[in-house]
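Presented below, as structure tokens, is a lone chain in the form predicted on its own.
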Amino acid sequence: MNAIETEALTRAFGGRHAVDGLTFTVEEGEVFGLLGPNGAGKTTTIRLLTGQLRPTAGQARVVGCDVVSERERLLPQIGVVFEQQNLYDRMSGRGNLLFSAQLYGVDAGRVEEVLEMVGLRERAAERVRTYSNGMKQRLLIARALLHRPRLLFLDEPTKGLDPAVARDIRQMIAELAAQGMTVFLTTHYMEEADQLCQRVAFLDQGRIVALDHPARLKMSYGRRLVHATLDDGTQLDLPLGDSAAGRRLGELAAAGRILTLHSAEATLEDVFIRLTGRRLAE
């Protein structure tokens, strides 16, 4: 069974299509990445899939529920972490979770479980306004996991975090995936998607322009290169499979001029630029 199925999913605001005819599936247990620059339609897509916006056209089913007609059955089965950190700053971390647990009908023991899971149990009594951005993000993930959802939506989960904290959040996502949770992730960080996702879709101006495994996208659309550093400091990128480049590389090797040599595959950023002419960070 697919965790997500969409067909021609569309959302227009006035005369502009923020999401334009999306058709894709996400398998149960998969980490699926939606990549695109700011304004590409990533957050709107999540709002459609979580029943917070009605489609202008098309349809979507999430964990077997129609996102419009079966919204009440859908919500208890999904967890959502949006980019904006909507926490109660004057309450403690534990207080935030206990309040949400009452809404979900979850016992207090589960609060302690998720605090331990995200590494916040020792700081749980402190007010959230004293938390760093990374700690707040961990708390948001803990809140989304309180009711043991089947599917977790994460909207730009590491945006604005320092590299060490972002690495910890990615590790947490990887651990959830290893436990069998389905994760739908939006990001404009190519390394994040490459590291975490079984498949990624490139979203540009509301439309999917490519969808596949990251490695296959890089093989299909990227250029495979050999990067050489010469004895005079010159840096060369030579395309693999090119006979002239092969001869040049042989001549340099015979002359003893090559200091280092390694392959350099395309990145997801390279692929996105080739497909759209734009950068993911725009």
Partner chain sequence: MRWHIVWAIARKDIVDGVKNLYVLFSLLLPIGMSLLFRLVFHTDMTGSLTVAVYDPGSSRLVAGLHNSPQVQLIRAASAKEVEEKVKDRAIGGIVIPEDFDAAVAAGERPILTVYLNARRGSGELLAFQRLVEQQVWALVHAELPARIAWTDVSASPGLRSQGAFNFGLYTLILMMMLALSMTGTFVVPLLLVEEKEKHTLQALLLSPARPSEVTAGKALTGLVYTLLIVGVLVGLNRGWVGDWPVTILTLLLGSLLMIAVGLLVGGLFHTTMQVNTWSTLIMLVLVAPSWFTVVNLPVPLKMASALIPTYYLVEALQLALAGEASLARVGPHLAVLTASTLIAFAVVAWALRRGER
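Just so you know, these numbers come straight off a predicted model, no measurement behind them. Positions refer to the first chain, counted from 1.
Just so you know, the form predicted together with its partner chain exists too; it's not on screen, but the next bit is about it.
Asks: Does every residue of 50, 72 and 143 put a non-hydrogen atom within 4.5 angstroms of its partner chain in the predicted bound form?
Replies: Yes, the whole candidate spot contacts its partner chain.
Asks: Which pick from 54, 216, 248, 257 sits with a heavy atom within 4.5 Å of its partner chain in the predicted bound form?
Replies: Contact check passes for 54.
Asks: Would you mind picking the one in 211, 151, 87, 165 that has a heavy atom within 4.5 Å of its partner chain in the predicted bound form?
Replies: Only one listed residue qualifies here, and that residue is 87.
Asks: Heavy atoms within 4.5 Å of its partner chain in the predicted bound form: which of the stretches 188 to 196, 72 to 80, 165 to 173, 111 to 119 has them?
Replies: Careful reading of the contacts points to 72 to 80.
Asks: Mark residue 125 yes when one of its heavy atoms lies within 4.5 Å of a heavy atom of its partner chain in the predicted bound form, and no otherwise.
Replies: Although its partner chain is absent here, residue 125 would stay clear of it in the predicted bound form, with no heavy atoms inside 4.5 Å.
Asks: Hey, in the predicted bound form, is residue 178 touching its partner chain, heavy atoms inside 4.5 Å?
Replies: Result no; residue 178 lies far from its partner chain in the predicted bound form.
Asks: With a 4.5 Å heavy atom cut-off, would you call residue 102 a contact of its partner chain in the predicted bound form?
Replies: Contact with its partner chain, yes.
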